[in-house]
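For reference, the chain that follows is the form predicted alone, supplied as structure tokens.
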Amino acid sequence: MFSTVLPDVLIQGWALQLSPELASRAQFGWTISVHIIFASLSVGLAPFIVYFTWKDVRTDDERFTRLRSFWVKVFAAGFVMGTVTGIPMSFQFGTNFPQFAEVAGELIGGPLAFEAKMAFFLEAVFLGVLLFGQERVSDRTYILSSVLVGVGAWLSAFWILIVNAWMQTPQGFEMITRNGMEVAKLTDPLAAFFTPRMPWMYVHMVNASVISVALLVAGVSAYIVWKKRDAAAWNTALKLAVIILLVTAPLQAVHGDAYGRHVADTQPQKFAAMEAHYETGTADLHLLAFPKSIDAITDPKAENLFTVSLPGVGSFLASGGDFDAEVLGLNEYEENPPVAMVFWSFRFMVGLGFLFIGLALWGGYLIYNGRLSESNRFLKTMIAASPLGYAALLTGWYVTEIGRQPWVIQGELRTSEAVSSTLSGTEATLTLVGFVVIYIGLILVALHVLRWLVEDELRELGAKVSDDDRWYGPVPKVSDDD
């Protein structure tokens, strides 16, 4: 009786009234949001793994042995989680977006197959060598294994971003009729693979991944150093993470500025949504924006926001040097993306980017003065900041993906046309709920594994880890006297 009554009760609830399009978009957005955390962990952690492995083998220094062992385990856990969370996304092309798969299959099938056979298996095989083969292979082979694991991770990002970059700026194809349906036929593989968006997206995404992992390494290192000041390995890791942030955080700002001009040239509607620019004309750059009313949160416009803006700078960025350049407004388009999500995500991402530059400069100043591990305030700040790189990465991804709406393939296929015509709102919403619950469970498992590894490291270092003194979040329980 329960099995027959429950669906009827649930169907009357508001949650199951989501349209197939909205539920499918939310489901894919949720799964990729979780997957990208683990995928970027592999990409960003790869150079750390290579460096720690090389230093361990060449110097036989206990510091690097400890760091290599710890972060290879973290990499392995992230790799497993990335695999588990990534596989369902390919099935969603068929279950939720079969029209997209039909139209774009000839363009996206090759890169996705290359990602699996060229990158995934390369990474998986040599990760096994890193985990279990140090005593079974030569030192040179062991170092090479770390390099190939990193190459596999970066190749994986390369092939996946080829697909996404093509969806943003499609080229190298022609639309033909096949079985009564308009589909994309590959005509120029090089043009399709190396679209105008590809180099911008790849550099920005890889650098964002390195920043996210550098903040994670800094946060974990700061916590262990805060618990045990003479932990030589973790003092070294903290210093290395700060140095990497000193390079990558400013680079992301400079590259992001140029990337923004490219977006203005190729996707002017997305650029207008990033600045909530509705009226065609010169565009200001909003450094800070605060809603004047509740409506402004969901519908940001010039008249309902309090902004600190630079007049004409939006036009300057879009044109590459002209403060008076005309920027198309959102009112010129029949259908716009969810402007609020794009606008606020962009502000959040940029704000965090400048915060990371500030943290890097603060850490660099402490390194210069030889006080990096002595500043409790800096250590606690880096612990708190450890997840923020992923927050910036995700909001940047939301700007990229949500800002492309209503198109799934820019200018060629609308998202509403890509959704399965046989999928009901009830079916789509039930699977959405299922994915939310399962993926939350996977996130909790990943956090538990990280906490377990940190506590185990503290025990090996001789630091006290009692039931009342465990790490349950990014900010440790500290007093003013610490």
Partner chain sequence: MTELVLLVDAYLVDALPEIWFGAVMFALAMYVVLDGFDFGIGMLYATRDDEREKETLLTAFGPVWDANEVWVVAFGTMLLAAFPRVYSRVLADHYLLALGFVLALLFRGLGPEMREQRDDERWKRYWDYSFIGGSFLAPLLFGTLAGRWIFDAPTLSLPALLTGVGLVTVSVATGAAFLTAKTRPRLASDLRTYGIVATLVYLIGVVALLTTVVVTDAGGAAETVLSLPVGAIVLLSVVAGGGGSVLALRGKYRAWLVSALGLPALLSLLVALLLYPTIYPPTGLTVREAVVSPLALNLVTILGFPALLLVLWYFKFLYGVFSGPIEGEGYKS
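What you are looking at is a predicted structure, and each value in this text was computed from that prediction instead of being measured. Residue numbers count along the first chain shown, from 1.
The same protein has a further form, the form predicted together with the partner chain, not shown here; the description that follows concerns it.
Undergrad: Does any part of G128 reach within 4.5 Å of the partner chain in the predicted bound form? Heavy atoms only, please.
TA: Yes.
Undergrad: At 4.5 Å between heavy atoms, is I409 in contact with the partner chain in the predicted bound form?
TA: Looking in the predicted bound form, residue contacts with the partner chain do not include I409, since no heavy atom lies within 4.5 Å.
Undergrad: Tell me, yes or no, whether E374 is in contact with the partner chain in the predicted bound form, where a contact means a heavy atom of each within 4.5 Å.
TA: Contact with the partner chain, no.
Undergrad: Are any of the heavy atoms in F120 no more than 4.5 Å from a heavy atom of the partner chain in the predicted bound form?
TA: Although the partner chain is absent here, F120 would touch it in the predicted bound form, with heavy atoms inside 4.5 Å.
Undergrad: Would you kindly say which of A231, M81, M349, V339 lies with a heavy atom within 4.5 Å of the partner chain in the predicted bound form?
TA: Here the answer is residue option M81.
Undergrad: With the partner chain left out of view, which of P189, G312, G364, G256 would have a heavy atom within 4.5 Å of it in the predicted bound form?
TA: Selected residue: P189.
Undergrad: Want to guess which of 109-117, 263-271, 315-323, 351-359 is within 4.5 Å of the partner chain in the predicted bound form, heavy atoms only?
TA: Stretch 109-117 is the one.
Undergrad: Pull the contact list for 438-458: residues with a heavy atom within 4.5 Å of the partner chain in the predicted bound form, in sequence order.
TA: Stretch hits, in order: I438, Y439, L442, V445, V449, W452, L453.
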